[in-house]
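The data below hold one chain only, encoded as structure tokens and taken in the form predicted on its own.
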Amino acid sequence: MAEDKESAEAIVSEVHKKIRAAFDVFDHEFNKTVDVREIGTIIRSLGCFPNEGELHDVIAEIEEEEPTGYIRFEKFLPTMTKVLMERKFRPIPEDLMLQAFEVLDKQKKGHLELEELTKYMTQEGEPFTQEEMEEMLSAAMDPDKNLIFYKDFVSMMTVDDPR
């Protein structure tokens, strides 16, 4: 029983180290605070991928009663520890993402055209901003053919989740 407790404590200790390291990258003043706008980047750097609504919920949970624009480490640590220990906000598996692109590819061509992907991504669901769309297309589009070969793009975007 004591070994289990030590093992659990070691795991939590490792999780805390990862969270501290990710937080510290953005703690430019070295005062255990980060700009609230960096929280999404910090969370994603820890392998979690919340959507905008989920990110907003996390920020609401860790923000001060009177928002200052900054998040304190001591508020961030317990919430992020829980997120990591519960394996929340996991990346979308490759096969599921591929299925999503295949639904959009009604003619089963294996690619999407710039205009159709842009329309789907900026007008449906949780719309991408212009900046997000440009960033995605810079990685997704075949520069020679001006098409998005989504199988290649999905392989490039997904990571093997070791958990």
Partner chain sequence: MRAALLIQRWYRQYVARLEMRRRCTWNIFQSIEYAGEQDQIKLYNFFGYLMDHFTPASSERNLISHIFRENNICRNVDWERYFCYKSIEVPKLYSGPHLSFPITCSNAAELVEAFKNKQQLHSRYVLQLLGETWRLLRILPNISQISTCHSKEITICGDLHGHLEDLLLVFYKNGLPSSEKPYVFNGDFVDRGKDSLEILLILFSFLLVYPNDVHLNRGNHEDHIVNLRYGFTKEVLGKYRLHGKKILKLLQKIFSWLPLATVIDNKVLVLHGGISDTTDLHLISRRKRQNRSGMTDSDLEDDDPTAKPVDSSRRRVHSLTHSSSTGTRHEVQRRSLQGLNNRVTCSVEEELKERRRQAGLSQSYGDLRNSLANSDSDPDSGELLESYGDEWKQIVDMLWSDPMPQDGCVPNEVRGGGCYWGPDVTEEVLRRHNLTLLIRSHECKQEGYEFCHNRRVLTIFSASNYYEVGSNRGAYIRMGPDLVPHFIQYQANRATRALTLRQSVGRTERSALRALREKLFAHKSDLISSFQEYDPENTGLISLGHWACAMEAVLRLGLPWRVLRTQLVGDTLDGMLDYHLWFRELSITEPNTEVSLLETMYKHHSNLETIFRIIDTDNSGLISFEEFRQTWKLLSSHLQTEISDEAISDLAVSIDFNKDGSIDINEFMEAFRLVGGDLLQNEGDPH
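Source: prediction; values computed, not measured. Numbering follows the first chain given and starts at 1.
We do not show the form predicted in complex with the partner chain, though everything after this point is about it.
With a 4.5 Å cutoff on heavy atoms, residue 70 does not count as touching the partner chain in the predicted bound form; it lies far away. In the predicted bound form, the partner chain lies within 4.5 Å of some heavy atom of residue 25.
Contact between residue 14 and the partner chain in the predicted bound form is found at the 4.5 Å heavy atom cutoff. Not displayed here, the partner chain is kept clear of residue 77 by more than 4.5 Å at the level of heavy atoms in the predicted bound form. With the partner omitted here, the residue from 36, 114, 62, 97 that has a non-hydrogen atom within 4.5 angstroms of the partner chain in the predicted bound form is 97.
Residues 120, 121, 124, 125, 126, 127, 128, 132, 135, 136 are the ones in 116-136 with at least one heavy atom within 4.5 Å of the partner chain in the predicted bound form, listed in sequence order.
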